[in-house]
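In structure tokens, one chain follows: the form predicted on its own.
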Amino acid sequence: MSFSQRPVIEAVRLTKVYRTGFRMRRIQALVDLNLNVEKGEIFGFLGPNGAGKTTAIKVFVGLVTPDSGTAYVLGRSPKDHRVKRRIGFLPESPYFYDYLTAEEFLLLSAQLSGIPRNEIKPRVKEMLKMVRMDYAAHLQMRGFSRGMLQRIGIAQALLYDPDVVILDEPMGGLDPVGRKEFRDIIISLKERGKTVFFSTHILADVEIICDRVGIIIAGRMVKSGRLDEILTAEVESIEVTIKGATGKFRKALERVSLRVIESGDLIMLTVKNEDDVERVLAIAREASARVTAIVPRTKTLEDYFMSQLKTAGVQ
């Protein structure tokens, strides 16, 4: 297979063991990890804390050497300087010279990246505008919020116009507005033909923007594929919301339901199938109560993820 035919990111049986503490206890971070990311994809790398996500990412950017197995990025070793120049990387906890302004930091980063001198200022201006931080270009970063720093971090990662963008927990600590803005940036990268690989534990964001996902638990890849392959459209349960059921009718509704949530005169019932829905509707009619919503519920990525953790014995 030629370099051009290989996946953009490829892991073949990656294994990495760390030793820690006085007794040099073995911690197996990666175990025979296999993974492929194709050109132009947004790939979500999921796993609980300590699953091995950051170790795998450090292998892909050439910061860690696996004990066995092979990693390729753009068909070559991640340590190849030609590959490094085509990767944009944002670590989970980036360090910023907080006495610098946003513009000064990006100018310094551009110089260190080897961007031609005459292109540096226009590129910095473009990146600040892209991440919606041009208004803060001349402010010292010591006063920036977590979300503002994350946006400067991704601007730094994109300065050299990389082909591959690798982000480690980019949405950690962001509020809902910051997460929405960050999702928009990631989608815009895909629209520009970039390949985006990011780790996260925020599953709702993954369902919105990812083409494919990989789930890693205790260093092992337990599932990888498209979301429509992992999650079926089969209805798992049905939620029925009723207003005005009281007394014995409420008790009867509870007996039919898998789960009950009450809020004032509203009661939301989770039932297993359509037959149970009919039973609930019959009770509601007898009680002269009003049905305000019937919502079929399919399996979510969170449901699937939690089932995988349970199978693996991870609490």
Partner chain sequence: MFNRLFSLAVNTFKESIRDRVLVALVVIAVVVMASAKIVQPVAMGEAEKIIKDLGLSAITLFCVLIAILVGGRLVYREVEKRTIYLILARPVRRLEFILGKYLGLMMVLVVSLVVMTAGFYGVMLISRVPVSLYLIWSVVMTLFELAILTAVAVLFSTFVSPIASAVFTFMIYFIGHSTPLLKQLAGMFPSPVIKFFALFAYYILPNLNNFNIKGEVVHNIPLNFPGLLLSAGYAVVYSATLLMISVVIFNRRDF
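Numbering follows the first chain given and starts at 1. The structure presented is a predicted model; accordingly, all values stated were derived computationally and were not measured. C-alpha atoms forming the largest set that superposes within 1.5 Å between two forms make up the rigid core.
The following text describes the form predicted together with its partner chain, which does not appear among the structures shown.
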Heavy atom of each of 58, 64 and 104 within 4.5 Å of its partner chain in the predicted complex: yes
Residue 91: touches its partner chain in the predicted complex, heavy atom cutoff 4.5 angstroms: yes
Residue contact check: residue 195 to its partner chain in the predicted complex, 4.5 Å heavy atom: no
Partner contact for residue 126 in the predicted complex: its partner chain, 4.5 angstroms, heavy atom: no
Proximity of residue 177 to its partner chain in the predicted complex, heavy atoms at 4.5 Å: no
In the predicted complex, the one of 237, 224, 200, 109 near its partner chain [non-hydrogen atom within 4.5 angstroms]: 109
Among the candidates 98, 184, 229, 161, the residue which, in the predicted complex, approaches its partner chain to within 4.5 Å (heavy atoms): 98
Stretch from 187-195, 169-177, 76-84, 204-212 whose residues place a heavy atom within 4.5 Å of its partner chain in the predicted complex: 76-84
Core superposition between the shown form and the other one, C-alpha change of residue 98 at least 2 Å: yes
Flag for residue 146, CA shift 2 Å or larger between the shown form and the other one after aligning core: yes
